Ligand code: HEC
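In the form predicted on its own, a lone chain appears below as structure tokens.
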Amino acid sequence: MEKMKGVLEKIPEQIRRLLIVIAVIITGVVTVRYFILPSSLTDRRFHRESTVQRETAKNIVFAGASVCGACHADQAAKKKIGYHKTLSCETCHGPAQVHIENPATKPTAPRGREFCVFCHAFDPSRPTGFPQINPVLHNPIKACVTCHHPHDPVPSETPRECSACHAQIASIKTVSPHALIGCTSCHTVPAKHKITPRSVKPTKPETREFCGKCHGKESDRKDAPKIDLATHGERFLCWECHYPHRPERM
């Protein structure tokens, strides 16, 4: 006992006070938890059952895409092979359970431009290749459904400008030294790329000499930076070190 007392006396006063406070807190928590709080607040089974009851009592508002397809087979079939195939019907049409119970109650059918731009307005955080537009410039005033069928949004007429799909690249290119160079100056674009862009892709320059036409020291393009192709960059293709759409960034 005296030995323990001696050990305690060696502990600094501040530590001893802190230990007393911690002991009081632990004692208080245990007392409240096991002797004061009613079992309804501490019983996990009670909480689990009450949560289930609360959730099952809520009205069902979403019907589910499979239910929609049972009645709207044509629209479902078109959507299944279109670019919106991963979207649920209720993403655009809103909760449809009331419509299922009473077909006379029609779901919403957004037709204004402001709805589609939630996903398709230009946002640099979206992946390259995701269809993005500038709503101010892209067919201003017209409703999106004028050109795009919502269940299969590929337009009847392929956009003529590359920026219609590659808005992120176009935005970067506008502030680069290559701003005035057309996309097809460096890329050969097969006609099918505009129909199936993910499976048929444009070409990329495959030789160092391609960029050398403007940037080689023998080139007559006075406004382009010059390099010695024999020594600069060794065997690497130019675009493996320089981002072509903003080549001053490496």
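What you see is a predicted model; the values in this text were computed from it and never measured. Note that residue numbering begins at 1 and tracks the sequence as displayed.
In what follows, reference is made to the form predicted together with the named molecule, a form of this protein that is not presented.
Contact annotation: F210 falls within 4.5 Å of the named molecule in the predicted bound form, judged by heavy atom distances. In the predicted bound form, the named molecule sits beyond 4.5 Å of every heavy atom of R16.
Although the partner is absent here, P177 is a contact residue: one of its heavy atoms lies within 4.5 angstroms of the named molecule in the predicted bound form. Within 4.5 Å of any heavy atom of the named molecule in the predicted bound form lies no heavy atom of D123.
Scanning 68-96 for heavy atoms within 4.5 Å of the named molecule in the predicted bound form gives C68, C71, H72, Q75, A76, K79, Y83, H84, T86, L87, S88, C89, E90, T91, C92, H93, A96 in sequence order.
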